[in-house]
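Before any questions on how it binds or moves, here is one chain, the form predicted alone, in structure tokens.
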Amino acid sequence: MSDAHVTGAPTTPRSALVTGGCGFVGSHLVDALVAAGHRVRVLDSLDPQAHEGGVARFRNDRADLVQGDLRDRDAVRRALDGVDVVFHQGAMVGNGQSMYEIERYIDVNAVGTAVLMEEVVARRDRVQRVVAASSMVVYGDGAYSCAQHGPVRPAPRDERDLAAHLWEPRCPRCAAFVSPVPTDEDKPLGATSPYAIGKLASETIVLVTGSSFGIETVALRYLNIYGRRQALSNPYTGVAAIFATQLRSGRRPTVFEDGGQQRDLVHVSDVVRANLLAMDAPDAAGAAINIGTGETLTIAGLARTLADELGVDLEPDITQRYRAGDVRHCFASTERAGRLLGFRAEANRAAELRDLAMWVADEQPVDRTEAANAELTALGLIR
């Protein structure tokens, strides 16, 4: 399992642009497109936070590279020249950092998407479809049910409950604690961080522009992605990579709240396959679609699993503290993905977490999580 292995139905060769195509998901997607015989161009800024030293470590040499920022119209124009389909993966990621780098996150993720879509509109006679990476963060917290009142939409968790280590959301009608249920795409959206606001704006820009100009567009709402090639030295990357980096450095994984937060971990190979399906699926145009497994894992359980796979005897550091912008539970309803894309997650989570641990064991990441958490604490964002 050295890298994501993806199979899918053969398609007519296309000329594809992958924004962020040197990054985690983007590079795996580029490899799959090239292997399937498509002509591929990459637009990537090679931001040092995601690419240590600004080096495109996972660049596919069979894809053309335009090094540039999404907000750079000239770079976007060069990247779109002759393109049939766009996979928009480029973005800044990280809830925590976005809480204090608000302008930067909104600028890159929302304005960058706006520039891209303006240039797509100018080429709407050529560009057949745009498949955009959205995220579970657009929901805010996940979906919940009250034992007495059924499906409910809790208000944001009360600071007094959080200070008292009462982590679960409450029913807005009876104030009882509620239970998480699978989150479907019709749940009202509620971004809780500037990163989430930017991703929601990006998704909306793509779908609204497509509808307005008759361009086929699809937004894939990724759940928590894991796998090889994650930016291990980026303290704002995915939770599995953060924990693996801490363990690799001999440190206990930092777990906020009580570690009982439920997440839906989806392997990068499944995410890539969903993108390939979304390129052609006739019924997907105009839709936002969850890409996850529908199966849950607690944050503390993830930390312990990775420690076992790395052969490290370190229990998670369950801090009983919380971060502004975090949500309690979120896992996917996958019905729409099955119906519109024919997608179902296939990766074996236990085997792929073991593979991630094997890859991390051979890496030499710089563990910046402690410094990042200290900065968030100093700003009052970890309490």
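Residue indices: 1-based, along the sequence shown. Bear in mind that the values here come from a model prediction, so they are computed numbers and not experimental data.
As for the form predicted in complex with a small molecule, it is not shown, yet the points below apply to it.
Engineer: Would you say all of Asn95, Phe243 and Arg323 touch the small molecule in the predicted complex, counting a heavy atom within 4.5 Å as a touch?
Structural biologist: Checked in the predicted complex: all three residues contact the small molecule.
Engineer: Tell me which of 223-231, 308-316, 80-88, 209-217 has residues with heavy atoms within 4.5 angstroms of the small molecule in the predicted complex?
Structural biologist: Looking at the other structure, the answer is 223-231.
Engineer: Taking the shortest heavy atom distance, is Val137 within 4.5 Å of the small molecule in the predicted complex?
Structural biologist: It does: once the small molecule is placed as it appears in the predicted complex, Val137 has a heavy atom within 4.5 Å of it.
Engineer: Indicate whether Thr293 is a 4.5 Å heavy atom neighbour of the small molecule in the predicted complex.
Structural biologist: No, no contact at 4.5 Å.
Engineer: My question is simply whether Gln261 lines the interface with the small molecule in the predicted complex - judged by any non-hydrogen atom within 4.5 Å.
Structural biologist: Heavy-atom contact with the small molecule at 4.5 Å: present for Gln261.
Engineer: If you check in the predicted complex, is Tyr144 within 4.5 Å of the small molecule, heavy atoms only?
Structural biologist: Judged by the heavy-atom cut-off of 4.5 Å, Tyr144 is well away from the small molecule in the predicted complex.
Engineer: The small molecule isn't shown here, but in the predicted complex which of Phe256, Phe177, Trp167, Tyr100 has a heavy atom within 4.5 Å of it?
Structural biologist: Spelling it out, the residue with a heavy atom inside the cut-off is Phe256.
Engineer: Looking at Gly112, Pro154, Gly238, Pro194 here, can you tell me which has any non-hydrogen atom within 4.5 angstroms of the small molecule in the predicted complex?
Structural biologist: Of the listed residues, the single hit is Gly238.
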